[in-house]
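Next up: just one chain, as structure tokens, the form predicted alone.
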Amino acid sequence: MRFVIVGAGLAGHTAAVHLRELAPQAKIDILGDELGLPYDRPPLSKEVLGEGAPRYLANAETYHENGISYHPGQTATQIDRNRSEILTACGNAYAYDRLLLATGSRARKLPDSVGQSSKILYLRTLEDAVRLKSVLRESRRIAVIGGGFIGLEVAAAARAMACEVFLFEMTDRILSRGMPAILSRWAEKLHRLNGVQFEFGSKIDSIHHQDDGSLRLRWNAFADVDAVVVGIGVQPNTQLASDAGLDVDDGIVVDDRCQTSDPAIFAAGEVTSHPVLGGAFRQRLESWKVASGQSLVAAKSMAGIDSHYAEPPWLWSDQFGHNIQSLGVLQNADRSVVLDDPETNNWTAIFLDSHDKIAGAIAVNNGRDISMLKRALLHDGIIPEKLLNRAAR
């Protein structure tokens, strides 16, 4: 059996390790478009921008000892479904019996008409993180465009390096995409207390170089900064799948076995549009948990073992020494129950659907609550009595 994996992030790497366990005699190839060894992405906006080091997923010896062929710098350009081959930009071809697409996503870019500069930075790869860290160390004033989790984590890292930080958000609150207002208010207060300055309802019209080397941002006002960091979301890398005629809908469409519209091709990680919560709807989730969990399901499915991905959505973020965790699908909620005081730094909000069953939750520095609520969500959807006793009055 020949397994080819396109993508050397967490999903691709983990799937390869599982496939080796499940199919000891199989040939396994991983194609990565970046040079260097595979690494974990969440630390890029956390440890790597601080005093930490990259978290590599494996070394060359690990792959060699496990009979896994890792090919860095091999960008896949075409799937030949008739010949069951992957073609790369280097002109190489890799034959497969089962193919896994773990192509991830890329940073959404500002339009070129807004501005072009080496000082307009994005954070998606290890190379991006190393470059950004160097720029932050050399800068005094930083603009962050986008009030999502990446933008906020970059703002926190910049403040830790004593940079003056201006954060621009088009909407009227941070974390407006998929997160509830109660978390937005808490996070804004946290960042303001740590010196981050906000401009809400602000769309950047242009970014221009100044004679002194700074950048001038214009909206309904202007600001001069040393560098701009853009965190306005990501776009799934679906072009390879789309060109091959696979079903794509804001992600590569897969079932709960991680199988695409082609029975020989599977997909895993944040590039997938997959069933959520029993198939009530499908969603593409930018989450470490999806990459980790789907990689096992995909590996089993590729090896002919029945397996289904049914994990509820979960993500986390660390900012100014505080941990935020989100569980479930908060958009499905009809009402919420708040535990403890959201004006403090330890609280949990539980979101209920129209049947008073758990739809999701947000926890600030309360990881144990999320663990309990996940078990309840997968069991009967009822809030544990132990948690209800802490409900705000």
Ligand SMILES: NC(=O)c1ccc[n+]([C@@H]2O[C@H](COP(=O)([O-])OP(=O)(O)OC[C@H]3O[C@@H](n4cnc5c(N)ncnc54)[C@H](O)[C@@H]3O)[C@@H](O)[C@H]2O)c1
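Just count from 1 along the sequence shown to find any residue number. These numbers were taken from a predicted model, which means no experiment stands behind them.
Separately, the form predicted together with the named molecule exists; it is not shown, and the next lines address it.
Contact with the named molecule in the model of the complex holds for none of A333, G360 and G381, as no heavy atom of theirs lies within 4.5 Å. Taking the partner from elsewhere, Q197 is found to have every heavy atom lying beyond 4.5 Å of the named molecule in the model of the complex.
At the 4.5 Å threshold, heavy atoms of R124 reach the named molecule in the model of the complex.
Among heavy atoms of T75, none comes within 4.5 Å of the named molecule in the model of the complex. In the model of the complex, the named molecule sits within 4.5 Å of a heavy atom belonging to S176. Note on the interface: of 333 to 341, 347 to 355, 24 to 32, 39 to 47, the segment with non-hydrogen atoms within 4.5 angstroms of the named molecule in the model of the complex is 39 to 47.
Contact with the named molecule in the model of the complex, defined as a heavy atom within 4.5 Å, holds for exactly one of V276, L215, I145, C163, namely I145. For the options I207, V234, L296, A156, the residue carrying a heavy atom within 4.5 angstroms of the named molecule in the model of the complex is V234. Counting a residue when any of its non-hydrogen atoms is within 4.5 Å of the named molecule in the model of the complex, the hits in 298 to 318 run L315, W316, S317.
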